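Only one chain is included here, represented as structure tokens and corresponding to the form predicted on its own.
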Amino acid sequence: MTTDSPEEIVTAALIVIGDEVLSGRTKDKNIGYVADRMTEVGVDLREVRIVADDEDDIVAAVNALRTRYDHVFTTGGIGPTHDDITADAVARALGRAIDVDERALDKLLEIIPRDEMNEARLRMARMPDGAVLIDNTVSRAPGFSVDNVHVMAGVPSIMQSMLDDLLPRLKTGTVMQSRSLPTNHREGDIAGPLGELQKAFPDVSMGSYPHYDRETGFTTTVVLRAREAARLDEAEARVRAMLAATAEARR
């Protein structure tokens, strides 16, 4: 992983592809995993889109996002069936030809006998011109990167394997640090003063997350996020003071 400056912000979007996700038949497990890993390495995941198995829709999503963000990840649609059209859609979006890639074919032949390599399985070896392969230690069929678009499988275990291979090559930025402050306050009690503090610290993200428990009632956790530790410390001190003052006022 590489960063170009100590405080660089690197952004990303994720396109989840598949009719089965939109229909509810498949419950997506990749969004949360990608978000967690991006946070760990200093990439801000800014947008997620779920797109049907429709080539025009995939092309539109890729073209809309690849010029807006540093990285675009896709999951789903690179298997052997007729509706696995992600590779073709990405090639079209980027204006690249696509055909069977001998490097990808060699990886498939590690687990599939050559006499069983039918047209359906060959689909998994089709890559756009100039693609950099993303390794898959689970089933060997690779994903690929072209420019800033990174195409991965939808099966969670395979996607995770691909992301592990991809991460060391990604441009990354400064890792976002976070602090969680549990409180006994109801969200409405602190919303006003927290909003004022947010204005004073525009470089620190301040979020409030309410929780309800039958025994304790409504409580709220305040989460602060920033790239600069000193600013995070300062903001935390101010928020803690606000929380204490709010508690005193309620007595």
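Quick note: we count residues from 1 along the sequence shown, nothing fancier. The shown structure was predicted, so the numbers you read here are calculated from the model rather than taken from an experiment.
Only in words, not in the display: the form predicted in complex with a further copy of the same chain, which the text now covers.
Although the partner is absent from the chain shown here, none of I98, P168 and A230 has a heavy atom within 4.5 Å of a further copy of the same chain in the model of the complex.
Only one segment in the set 89-97, 143-151, 120-128, 102-110 has any non-hydrogen atom within 4.5 angstroms of a further copy of the same chain in the model of the complex, and it is 120-128. a further copy of the same chain in the model of the complex is approached by T221, whose closest heavy atom lies within 4.5 angstroms of it.
The shortest heavy atom separation between R114 and a further copy of the same chain in the model of the complex exceeds 4.5 Å. The closest heavy atom approach of G195 to a further copy of the same chain in the model of the complex falls within 4.5 Å. a further copy of the same chain is not drawn, but in the model of the complex it has no heavy atom within 4.5 Å of I85.
The partner is not shown here, but in the model of the complex the stretch 171-193 reaches within 4.5 angstroms of a further copy of the same chain through a heavy atom at S180, R186, E187, G188, D189, A191, G192.
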